[in-house]
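Heads up, the chain shows up twice below as structure tokens, two forms, tagged structure 1 and structure 2.
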Structure 1
């Protein structure tokens, strides 16, 4: 089958590229038209100068960071422990990590509101702090599949069990093993999972709205109802942010443990493992 110029493929790629790029271009163009008769960045200025924008964005950023921290503290030791000592529990742990993919966020938050509502033994929704915690918990659950997979893949790539045995057989303590061998090796996997968590929770709407939190997602929806040009500016900013987060995520997810940024590990390991 010798073919000349790939007409069909070219056509498909052209249509797909148009579908992907036209909305981006249109949104950008639209966002510049706030001032009648001229192209300006007025909509961006309007968005960035708004106190609500700053407040809700920082609220969501803090909630996202908290979710990343909490998620990492929950997932990293568990993934390590399961690989090292609890292989039998692996199917159960993996299954639980995938469950959030089949529980729609709206169902999850419904359950939370009912279970942790006013009449429950753990009435989290009664206080503002409690509701904040519930939101963070929700984000940890939503990002669990991605966080667990990223960290677990990172550990699979370096055969954590053998490394631990090797380090211990050479006399390193468990703590020293974790700090000097395991953590540097999975650091980039954790960071990759963190970027995914961040991109999921920063603009999240359903949980934040139903828990009545002053978060970025509900703010955006409100802005969409009130204004015409600012939402377009927000969409462009948000797309740019997603782009940056995903590029960083891919950068970390595909990086090998001893590649760049971690120059100390390579020498540390060879020193440790050389008899």
Structure 2
């Protein structure tokens, strides 16, 4: 049976691509017009020559990767335990994971300042390291809805009960099962959540600004108030950097063996577990 050309779906894809690419092209075109009457990369050279660009970008990148690491350590065992043993608490956990979408970031940061200010038992805001920790925790909270759902969907695609029983029958502890069996099997899901975590953290403004951290988001806002063409160049550079890092993480996530190996704990050997 012959099918006609999918006009409707093609049109939807074209409109969606245009909605995304046309503003991007306009921003790129504007960033090339720093020198009047000619197209040049002067705005990009100006941005890359700035020490603030390197410092703020490296700071936000490190904070973002730390948030990804701590988020994965928090979410993967939680999602695993809820699916394995605490099915009745699943609605409550899902509701808690959605709270960052409801509570504004400004409320979150003022709560941090209030709880960990100079008059509290644990005055983290009094030191630079403590404030950095609060910022990373804030990034973890903001990315929690996306990381939890990505990991939870990844666990839905594997039989964690069978994997757990097989690992325990070979002498593995619950912690070793999570680290050596569950984490590798949901690696792609973790990377999917990491994409969104990195995107949210890199350009986040409210938390970094109110905590007075030298992050990339406040730097972009400040540059936009002082310059004309450099902010457009900075937007293109940040977009390109984000996608390059995402592609690298995706390559890491998709590099998987044909079969998962389930270690034979205590013997140093292994056996193949059918996919």
Partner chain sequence: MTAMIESVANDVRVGQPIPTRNIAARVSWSWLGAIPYFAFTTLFMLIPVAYLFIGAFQNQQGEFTFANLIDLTSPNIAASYWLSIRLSFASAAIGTIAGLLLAYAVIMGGLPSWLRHAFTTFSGVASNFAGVPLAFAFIATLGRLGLVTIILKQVFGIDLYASGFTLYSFWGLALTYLYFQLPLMLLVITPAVEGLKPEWREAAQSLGANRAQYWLEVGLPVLTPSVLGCFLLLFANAFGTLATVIALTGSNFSVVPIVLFQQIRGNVLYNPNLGYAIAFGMVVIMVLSNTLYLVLRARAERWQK
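Residue numbers count along the first chain shown, from 1. A quick note: this is a predicted structure, and the numbers were derived from the prediction, not measured. Take the two forms, superpose them, and find the largest set of C-alpha atoms that agree within 1.5 Å; that set is the rigid core.
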- Note on the structure: Note to self: form predicted alone is structure 2
- On a core-based superposition, does residue 162 travel 2 Å or more at its Cα between structures 1 and 2? yes
- Task: Look at residue 172 and decide if its Cα position differs by 2 Å or more between structures 1 and 2 after superposing on the rigid core.
- Result: yes
- Message: After core superposition, I'd like to know whether residue 54 moves between structures 1 and 2 (criterion: C-alpha shift of 2 angstroms or more).
- Response: no
- Shift of the Cα of residue 240 between structures 1 and 2 with the rigid core overlaid, in Å, rounds to 3.7
- What is the magnitude, in angstrom, of the C-alpha shift at residue 17 between structures 1 and 2 when the rigid core serves as the superposition reference? 7.2
